[in-house]
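Below you'll find only one chain, the form predicted alone, shown as C-alpha cells.
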C-alpha cells in the first residue's frame, strides 16, 4: 500500500493552498459577517478551472482523480468553509447530472459556462417533509405529451436563490417512493419557477441558502436528466458515495484550520506564568484531535481510492462522512476550549469554525440515519 501523494498531487495541493491563502481566506471573515454571495470571488475561482476538476477535458474539465478532487475541497474548506460549500455544489452535485445526461444544447448553454464559473448551479433534494428520507419527496412531475409539468417546493437549497439552473429531484408518484424518483433540469426565468425565503444560517455563511418553488413549470423532454423514467434513485446512488466523501473532505479542511489556529494561540497565550501550550491538559487535546484527524484522513484516502477504482464503497463512504464530521466537531470544540473566554468573541475566527462545523451534520445524511444504515449492513438480514 502507498499512502503518499503523487508528485502531481503534491504540486496541485501547493498551488491550491497558495490560491486559497491569497484569494479566498482574506475574504472569509467578511463572507461570514455579511452572509452575502461573492460573485466576483466565485467567478475568479471558476476562471482558474477548478469547477471542472472532475470532468473530462473534452468538455472543458481537468479530468483529475478522486483524491486530487478531495484535496481541492479540503483546501477550500481550510480557507473559507462557507465558500467551499458553494464551490463543492458547483463542482459536484449541481453539475453532475447535466454532464451525465444533458443534451448537446444543455452542455453548451449551461454545463460548460458553469464549470467556468459563469453560471451558478445547484441541486434540490430537501423538502419540508424530506431530507435524509427521500421517500418523503412530494415535488411532483407529470408527463404531458413531450413535456413535463413540475409542481412543488424545495427547502435548504445551497445556491438555490441565486442559481441560474437547478437539478431537481421529483417523483412521478409519491406512492412509488424511491421507484418513482427522477431528476429534472429547471432554468432561471422559466414560467412558474420562483424563489421563496432566504434562510439566515448559524454557519456556512457566504453561500445563499433558501427556498425554491415550482408552480406548473413546463419542461421540455430533454430536461428529464436520465435515460429512463423513474431511475432517479439508481442515478443518485452513482454519485452519493462521492458526495459523502467530499463532505468528509470539507470536515478535514475545517478541522485543520481550527487546530492550526488553536496551536498558534497556545504558543503565545500565557496563564500562571507560562504559555498554555506547556500544560499537559492542553497538549492532550492536541494529541487526541491530531490522532483522530489522521484517522479521518486515512478513511478519506481509502474511499477516494475505492471510488477512483470503481470499487463499491457505500459503507465506507458513510463511515468517512460520519467519522470525519464527528472528528471535526470535536476539534472545533476543543479549539474553543483552548481559546477560553476569547472563543466567545467574534474577533477570533475560532467561533466561526465552531458554527460552521454544525453544517456537516446534515449534508449527506444525518448521523442517526447513517448509524442505522451501517448497523443494518453489519448485522445483515434478520
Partner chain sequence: MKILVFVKQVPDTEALVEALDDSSLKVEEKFEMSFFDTLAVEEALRLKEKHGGTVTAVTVGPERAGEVLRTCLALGADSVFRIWDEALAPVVTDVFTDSLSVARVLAAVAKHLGFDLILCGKQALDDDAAAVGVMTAALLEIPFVTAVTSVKAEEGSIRVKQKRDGAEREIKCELPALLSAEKGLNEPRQPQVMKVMKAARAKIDAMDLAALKIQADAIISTVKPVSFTVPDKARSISIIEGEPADAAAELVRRLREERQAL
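Note that the structure is a prediction, hence the values are computed from the model and not measured. Residue numbers count along the first chain shown, from 1.
Only in words, not in the display: the form predicted together with the partner chain, which the text now covers.
A.B. asks: Taking the partner as it appears in the predicted bound form, which of 62 to 70, 338 to 346, 321 to 329, 32 to 40 has residues with heavy atoms within 4.5 Å of the partner chain?
C.D. replies: That would be stretch 62 to 70.
A.B. asks: Is there a heavy atom of residue 19 no more than 4.5 Å from a heavy atom of the partner chain in the predicted bound form?
C.D. replies: Residue 19: contacts the partner chain in the predicted bound form.
A.B. asks: Do residue 294 and the partner chain share at least one heavy atom pair within 4.5 Å in the predicted bound form?
C.D. replies: Answer no; every heavy atom of residue 294 is more than 4.5 Å from the partner chain in the predicted bound form.
A.B. asks: Does at least one non-hydrogen atom of residue 283 fall within 4.5 angstroms of the partner chain in the predicted bound form?
C.D. replies: Output for residue 283 is no: heavy atoms all beyond 4.5 Å of the partner chain.
A.B. asks: Is there a non-hydrogen atom of residue 369 within 4.5 angstroms of a non-hydrogen atom of the partner chain in the predicted bound form?
C.D. replies: Contact check for residue 369: no, nothing within 4.5 Å of the partner chain in the predicted bound form.
A.B. asks: From the list 200, 267, 142, 188, which entry has a heavy atom within 4.5 Å of the partner chain in the predicted bound form?
C.D. replies: Of the candidates 200, 267, 142, 188, 267 is the one lying within 4.5 Å of the partner chain in the predicted bound form.
A.B. asks: Within 37 to 54, which residues come within 4.5 Å of the partner chain in the predicted bound form, counting heavy atoms only?
C.D. replies: Result: 47, 48, 49, 50, 53.
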